[in-house]
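As a starting point, one isolated chain is supplied in structure tokens, in the form predicted on its own.
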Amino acid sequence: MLAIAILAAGKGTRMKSALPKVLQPLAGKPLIDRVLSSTQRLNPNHRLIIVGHQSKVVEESLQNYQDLEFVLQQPQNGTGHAIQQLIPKLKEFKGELLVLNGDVPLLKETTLSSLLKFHKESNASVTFLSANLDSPTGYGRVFANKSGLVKEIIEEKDCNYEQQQNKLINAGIYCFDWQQLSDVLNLLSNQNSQKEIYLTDTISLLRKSLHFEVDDPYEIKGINDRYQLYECEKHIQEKLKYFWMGKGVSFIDPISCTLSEDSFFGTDVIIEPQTHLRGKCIIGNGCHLGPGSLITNSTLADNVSAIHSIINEAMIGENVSIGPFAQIRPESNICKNSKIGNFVEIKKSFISEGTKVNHLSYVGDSTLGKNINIGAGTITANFDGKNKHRTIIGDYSKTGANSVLIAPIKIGSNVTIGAGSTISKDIPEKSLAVERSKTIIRTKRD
């Protein structure tokens, strides 16, 4: 039996943010989501989130998780006090309690599995993650013998000068035998410099306390301020870019680019400076992205070019050219061999194969057929002040410069619309449509 408790009650005052610390985004995902992801395949019987500061906000952000149990810690009187709140919830529970922190987002599932395995095989009362750090400032110090048996953990603010020279630190990740822990939880006191109830004080009270040193100390890096958030972001980005460069992706200036962990790239992709990918993106072979592009939750087929452009929740076919300075908005599908040129906005539209929208146009709520040419400045007027309406244009049609198509409207195939026309009626196929007001010229009088 396994229960997992995640500490998420803290205010995070050093973040200087209205957002709870555990909801701060790291490479596009909240910190606590990353912690939860590392526990998914451990198959716990309970996953408990200990909340306090802005508890409702944290709970609402985690509504998509069906198995979570929320436990309120009010007031927040330390880590030991937080775990004391679990006693009513785990009254009948027998097994291991894994205690994690909602602001330690880089911990690997494999490390947690190894910790659990070591704990069980050692028949320990508690086993916790430790690390040897060159600069241990900010961490509690672990005092143990050579066999790993721990005498005590002393929080840094309670250490004397000699104790602070110890570089073996407590990472704050524990695996307890719950029954043994519950027997000593109510013995904890707040007689320390912080006047808080420390979970670390259970170490000296339990029968057998062991530490398990992590291979990569970066895994246990906590986040207390925005600089530490940046450090973790940098770490993730370096690993992602190193991985994809090994798979055939070229970054002209990797430092200026950011990726999401849910991005996938084919081979021979070139990513120019200041290009960013967010959410789930699939990028095909031979694509050329940027400079200065932002792509979010989109799929790009092979040989797509996107220069100084924004693509958001869209499907882009092969051999499509986008930009510069184009915006592809959600629910748009641009089919192969099409071109979306400079200062063009596409919104919730289907653009068929070979169609060109070269410059200065807005196409919204539209279906465009094959091999259409949309003239410069063409606008689909899709909004009547209350509702959105669709524009449909058939294959091989053309719109002249500065045309306005007032939806709902259907333009047939092989239609030519004269420049400067405002069209509000359906146009049959193989037609020429011109609608302009008469030019009036008046000479000036002295």
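Worth saying up front: this structure is predicted, and the values here are computed from it rather than measured. In case it trips you up, residue 1 is the first one in the sequence shown, and so on.
Not on display, but discussed next: the form predicted in complex with a small molecule.
Though the small molecule is absent from this view, in the predicted bound form it lies within 4.5 Å of a heavy atom of just one residue from Glu155, Glu233, Glu345, Glu219, which is Glu155. Site annotation in the predicted bound form: the residue of Gly95, Gly172, Gly279, Gly317 reaching within 4.5 Å of the small molecule with a heavy atom is Gly172.
Using a 4.5 angstroms limit between non-hydrogen atoms, Ala82 touches the small molecule in the predicted bound form.
When the small molecule is considered in the predicted bound form, Ile4 lies well away from it, no heavy atom lying within 4.5 Å.
A residue is said to contact a partner when one of its heavy atoms sits within 4.5 Å of a partner heavy atom; Ser366 fails this definition for the small molecule in the predicted bound form, lying far away. Taking non-hydrogen atoms only, Arg14 approaches the small molecule to within 4.5 angstroms in the predicted bound form. Partner contacts here mean any heavy atom within 4.5 Å of the small molecule in the predicted bound form, and among 236-244, 134-142, 117-125, 347-355 they occur only in 134-142.
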